[in-house]
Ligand code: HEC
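Coming up is one lone chain in structure tokens, specifically the form predicted alone.
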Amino acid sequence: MFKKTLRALPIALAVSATAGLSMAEAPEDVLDKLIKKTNSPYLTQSPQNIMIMPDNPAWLVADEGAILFRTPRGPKNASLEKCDFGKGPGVLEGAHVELPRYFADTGKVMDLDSRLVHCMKTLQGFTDNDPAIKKKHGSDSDIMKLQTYIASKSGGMSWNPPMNHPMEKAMRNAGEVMFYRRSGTMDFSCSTCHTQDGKRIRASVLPNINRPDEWTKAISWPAYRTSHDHVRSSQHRVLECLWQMRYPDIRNGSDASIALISFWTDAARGAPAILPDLKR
């Protein structure tokens, strides 16, 4: 609670300067409203995690990301403040809940991870071999710090990925095919675990993609995982899910991974994002 109070101080002091601007809602408050609305066994299965959400270690990672975002870095000695995540250069509020989306400057549908990497390359001059980009996962990586900060600006806002461009629709539809397609050595699909109420893996209740107010927690990444002691991303969740299903490793930032994330996000449309989240 102490850290939550510290975070609230600058907001309270600046309230007169930010009148009329939408502010991200605390993830624990978003989750509490969803629990009261649904009483979902999935949402309520970890009282311990719910208790510590106000002191989520992901906020420390986000704080580091805020510094990185504004610091001139790389061969071009530039910050990321001109990066356009879909809402305009430097606009972060509500950007994450509208990703993946089509970007005309690349001719691609991009998620938070791939768009961030694009900006680090074009604005700051980093390459794929630079540690700032090469290290994708873990709370100590630049990528994870930046993603956590950017995503935190969409807390409580409704998932609303655009479906206006043909490529946005195509990626979403490709992700749906992948979600329901059974394959791999275990003949699994994502739908095997995530299309019914009451499904479990051992003691863990699994989320149902057909319930947006439940599914939003499943896709609210970045999130601190207590079992990993690290903040993880959507891309990491895709990789880990497919590994558990005994699929071949999926390439981080590939069209296939973005297609799955596109379908996942569209399924949660209209439900509030819990960002950053805290999971088992």
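Don't overthink the numbering: it's just position in the shown sequence, from 1. These numbers come from a predicted model, not from an experiment.
Absent from the display: the form predicted in complex with the ligand. The rest refers to it.
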{"query": "4.5 Å heavy atom contact with the ligand in the model of the complex for all of 205, 242 and 260", "finding": "yes"}
{"query": "The ligand: the contacting residue among 165, 118, 194, 73 in the model of the complex [heavy atom, 4.5 Å]", "finding": "194"}
{"query": "Contact residue in the model of the complex, chosen from 112, 190, 157, 143 - any heavy atom within 4.5 Å of the ligand", "finding": "190"}
{"query": "Location of the ligand contact in the model of the complex, chosen stretch of 197-205, 81-89, 147-155, 165-173 [non-hydrogen atom, 4.5 Å]", "finding": "197-205"}
{"query": "Heavy atom of residue 224 within 4.5 Å of the ligand in the model of the complex", "finding": "no"}
{"query": "Residue contact check: residue 237 to the ligand in the model of the complex, 4.5 Å heavy atom", "finding": "yes"}
{"query": "Contact of residue 179 with the ligand in the model of the complex (heavy atom, 4.5 Å)", "finding": "yes"}
{"query": "4.5 angstroms heavy atom contact with the ligand in the model of the complex for residue 219", "finding": "yes"}
{"query": "Contact set, 254-280 vs the ligand in the model of the complex - heavy atom within 4.5 angstroms", "finding": "260, 264, 279, 280"}
